[in-house]
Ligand SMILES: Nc1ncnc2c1ncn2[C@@H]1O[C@H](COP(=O)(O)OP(=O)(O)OP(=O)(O)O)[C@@H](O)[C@H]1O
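This document opens with one chain alone, in structure tokens, the form predicted on its own.
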């Protein structure tokens, strides 16, 4: 059975890729085949192979069997700015349907766990009418929320969870990622998140040096994601 999830975050730069790569690595340790899609990535660097994004490369490293970069990251944009602005400057038009078709090409490979990683938070625009939430809606897959642990994270997490539910999608789980090691009352905040978010906590990831997908995987729980009862399409 193929399990597919959309990975979003409470904000930008809160570790979506770190957590997604960790989840893929944990799945690989269980002997599962894995795949990922970063449908649109801004902040790409020019290489001899073309534009490449560090986050997309980190996901590619955890795909088994290997996935061609162009399949994993179909829209690569150079400026490290909002994707819809970067696309407009590049003369491109982004649509949820276009990106969903790109995701479907990866889904067709039938990996046992496939993660689709968004950009920024839930309502990052794709164009004048659509956001990345519209992509998740079109795909119709459950959502994993990465909560960056810092002041304000409870509000951001609850608002995002409400938006996901309002869009008709299921929050499959959430991961707390320690982005601010100096956060005051971290345990109290975690307890509040556990009480108020309508989904299981898949793990609490501390600051890790040196950072690696293997080290992150050690702090994550996959049982609710890969169980046959999780309601995923096959």
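Fair warning: this is a prediction, and the values are worked out from it, not measured in the lab. Residue numbers count along the first chain shown, from 1.
Beyond what is shown, the protein has a form predicted together with the ligand; the following relates to that form.
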Does the trio 177, 205 and 208 actually contact the ligand in the predicted bound form, every residue with a heavy atom within 4.5 Å? yes
Would residue 12 count as touching the ligand in the predicted bound form under a 4.5 Å heavy atom rule? yes
Contact flag, residue 120 vs the ligand in the predicted bound form, heavy atom cut 4.5 Å: yes
Sequence-ordered residues of 15-45 touching the ligand in the predicted bound form, heavy atom within 4.5 Å: 15, 16, 17, 18, 38
